[in-house]
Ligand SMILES: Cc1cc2nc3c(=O)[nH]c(=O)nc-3n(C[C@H](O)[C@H](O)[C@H](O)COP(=O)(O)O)c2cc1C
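Shown below, as structure tokens, is a lone chain in the form predicted on its own; questions about how it binds or moves come after it.
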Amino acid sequence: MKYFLSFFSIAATISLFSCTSCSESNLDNSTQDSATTSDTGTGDIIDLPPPRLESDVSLEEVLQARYSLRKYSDEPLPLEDISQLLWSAQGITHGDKKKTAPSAGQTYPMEVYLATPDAFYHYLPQTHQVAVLSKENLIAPLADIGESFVAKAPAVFILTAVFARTEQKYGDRAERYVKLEAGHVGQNILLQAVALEMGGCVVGAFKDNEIATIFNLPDDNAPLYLIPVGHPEE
């Protein structure tokens, strides 16, 4: 049975922890600043279903089918699909030492957030959970950023970067490495969406300060990508 994302508030009663207890200090990543992943939202932490590691569709079929989808149906995303998409973006692999997208020097500067019409969440890869940061609809304000179709998606992934994590190891070259990494993460989300019979589109046409304000992002989180995802409009 599928539980839709709107049921997050119910699931939250099962697993309530302090967000600071879900830092990623176990990753093999000496530059990760766990303080930047602490959340000050509702305090609710929600367990996600475990990601599946097999599929009936091949990588070649997914690559052939992918295109930039800009028109979405009103159908919400099942929690299982949300879980799979978040895992594809930054999920933990190889025990607890690596993630699904490559990162320069394993510095892992990326943070992944998710906005739905019901709430706003922060993905916690190490425990495969989400922290509930807000129970407001933060998708609606995206209609004013210049890419109005984004606000019509049932889910929007927000990719941000903490450049300092990579700068500690690579200095001035960090900016290049981090932005390349954002591309890796974005492609993972898009391909996973197609494998789930959905689609998405990467969007970079926005003013950073506007996105930071809408989502009340931490000061060290630089927004790089918006990725709306949903089922195709019929």
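These figures come from a predicted structure and were not determined experimentally. Residue indices: 1-based, along the sequence shown.
One more form of this protein exists, namely the form predicted together with this ligand; it is left out here, but the text below deals with it.
A heavy atom within 4.5 Å of this ligand in the model of the complex is found for exactly one of Val202, Ala182, Leu191, Leu48: Val202. With the partner omitted here, the residue from Lys169, Arg52, Arg66, Arg176 that has a non-hydrogen atom within 4.5 angstroms of this ligand in the model of the complex is Arg66. This ligand is not drawn, but in the model of the complex it has no heavy atom within 4.5 Å of Phe215. Looking at Glu147, you'd find a heavy atom of it within 4.5 angstroms of this ligand in the model of the complex. Heavy atoms within 4.5 Å of this ligand in the model of the complex are found in one stretch of 126-134, 99-107, 160-168, 67-75, which is 67-75.
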